[in-house]
Structure formats: structure tokens, C-alpha cells
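Listed next as C-alpha cells is one chain, alone, in the form predicted on its own.
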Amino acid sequence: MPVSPLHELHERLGARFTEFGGWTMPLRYAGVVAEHLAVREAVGVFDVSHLGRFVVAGAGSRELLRHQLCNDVAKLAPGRAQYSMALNDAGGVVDDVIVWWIAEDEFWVLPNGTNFGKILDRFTAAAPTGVAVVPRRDETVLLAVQGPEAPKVVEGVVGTAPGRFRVVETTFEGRRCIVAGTGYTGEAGAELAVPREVGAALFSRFVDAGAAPCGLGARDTLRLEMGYPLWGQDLDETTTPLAAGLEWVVAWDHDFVGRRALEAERTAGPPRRLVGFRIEGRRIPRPGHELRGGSSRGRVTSGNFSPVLERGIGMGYLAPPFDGSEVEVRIRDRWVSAEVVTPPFIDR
């Protein structure tokens, strides 16, 4: 099973590991709650090198991205980033991705680690003559520095801290360093891609500057508090962005794979919708738990304990019509009442 280029460093820092997306990655160091609160209150650093990344370069790159993704990079300019999705012909989410527009004819596409090969192959097969699709995961390290103090820490280490969804280039120890104002926690901060040879040094510099090393356990609870979907749980190839409440990701004024199916669903309405909820007390909903509201039935797709709210929160799909203010979750053979909440669960 692949490990991060920083695996030995994580061992020295006391990480506990888990399997995620086919990789062995840090799950926690000091503990999930402590790392979660460090990001909410100060700054943390994550190794997210398991995530996919590849370059799309050459004349025609922009049009390739426009056809393969439902959001429209033509609305951007070099130096910007965008959240988007690759859909199938039925409108289902094959993967959700981040696009970094580096230069006029150079884009970085960052899919989920689980789907890296699938999305890379899709772009490679669709690329016209003159457009190169080049994987970058094996030769780079990807870090995320997140939290209210992250911009100050990032600027102190690499000399620049881009604004939200901005992308800049700098250097670290003489090597190219791409810094994007993106992340998966709802906090200020950046994601940084550097050659793997300097990845451990960069991670260590952030720790020395005060960033708490954080694992994927905290990353999951942080993204859940913001209501950010996780592919494989809240999104999959049978789920459309409309059902997930993510129509804002769809730019209807251009052609893309899955558009016809989405237009039909927009007219008819999705057969199910994602609902957020929170539970009084410390009962914790988990993925797979039964969910009901009125005559609608479904299952929890994401659920956990919120360290900020100190209560259980979750998301799951219910078939319409459902317009209630409460749902029930079956936890340990008992139906527990929950208040319907439109994510994010916390105000950042």
C-alpha cells in the first residue's frame, strides 16, 4: 500500500495511521479533537499527498476542462482556483475536483485520491492533439495549512499567502512551490505543492512555525462542520450535484458531459435531496444509520461528533416531498430526534 513521501517524518511526530483511498496516511497525532480545535482556533498542517494531481497544458487546455467539468473555468483567469465536478452521462458525480489555473495554458487538476487514476485516464483519452495531460502525484508533496493564523504562518515560511481561491507561484529551498488559497476545513489557509525532495522540510518548517500536525480524522470532522461533501459517502456516480444541493457548481451556459441529464432533472426535480441535521446531546450519527422524516426514508451519509458544537451532526438523503424541521436517526436500535439544519453547521 502506498505511503506518503513524509511517512518517516509522521512516524517521528507520533502519528497513528489509517488506510484511506488505498494509501497509508496519518489519522491523528495528539488526538482528533485537539487537532480539530487547533485548526479552528489557531493553525494546523495536513499532509494530503494522497490526493490526485495532474497538469493539463497546451493550446486547447481550457476547452478540454470546460467539456469535462460542469463548472466553467472560462469564468476565471490565470491565478485563480475553482471547485468543480466531473459527471457521467447520467449526471452522477464521478468525482469532485479543484482546478488551479497556473498560467495561460497550464492548469493543475486535483481529484480525490480514490479517483485519481479514473479522472487522469478520462482527461488523457479526451485530450486533443497539442494538449498534454501529465500526472504529478508521484513527484510532489501536497500540504494544507489551515486556521485563522494560517495566512501569517504560510507567508512567514514561503513568503506569500494568496487570498481565497487565488493561486501564486514562489520557491522553497530553491524549488518551485505552488500556493493556492484552497482547503477543506472552512478556515483561511493554503494548499501547497512542492517537489517531494523538499516536502519533509516544508512540513517541518510549518510545525516549527507553530502549526499543529493534523491527521485525516480532524480533516473529516472539520469538513463535516462546514457541510462539505465527501466523495464515496455524500457524493457518488448515482448522485447528481442537484440532489446534493450543489447546483451552484453547475455553469449552465456551456456544454459538458452530463448536461442533458442534469437539465432533465432540474425540470423534474431530484428524486432525493441531501439534508443536514444536528442532535441534542452527545449521541453520534454514523454513515449507514437509518434516517427518516415524515414519510421519507433514507440513510446517513456523513455523521460524527462536532467538537465546536459538542453534539452530533450529520447529513443524509431523503426522498421528497420532505419539508419538515425535524428528522429521526436510528442509533443503536433507538430512534433519536434531530433538528434539520442547512449546512454549514457552524459560522466561519
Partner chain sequence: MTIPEHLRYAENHEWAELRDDGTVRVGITDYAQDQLGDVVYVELPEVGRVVEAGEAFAEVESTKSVAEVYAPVAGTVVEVNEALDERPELVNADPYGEGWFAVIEPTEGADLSHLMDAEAYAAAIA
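Computed from a predicted structure; not experimentally measured. Residue numbers count along the first chain shown, from 1.
Beyond the structure shown, there is the form predicted together with its partner chain, which is absent from this document and is the topic of what follows.
With the partner removed from view, the residue among 284, 57, 318, 64 that has a non-hydrogen atom within 4.5 Å of its partner chain in the model of the complex turns out to be 284. Taking 40, 292, 28, 50 one by one, only a single residue has any non-hydrogen atom within 4.5 Å of its partner chain in the model of the complex, and it is 28.
You can rule out all but one of 319-327, 64-72, 40-48, 297-305: in the model of the complex, only 297-305 has residues with a heavy atom within 4.5 Å of its partner chain. Remark: residue 309 does not count among the residues lining its partner chain in the model of the complex, judged by a heavy atom distance of 4.5 Å or less. Shown alone here, residue 12 lies farther than 4.5 Å from its partner chain in the model of the complex, counting heavy atoms only. By the criterion of a heavy atom within 4.5 Å, residue 313 is excluded from the residues contacting its partner chain in the model of the complex. Although the partner is absent here, residue 32 is a contact residue: one of its heavy atoms lies within 4.5 angstroms of its partner chain in the model of the complex.
Taking a 4.5 Å heavy atom cutoff to its partner chain in the model of the complex, none of the residues in 309-325 make contact.
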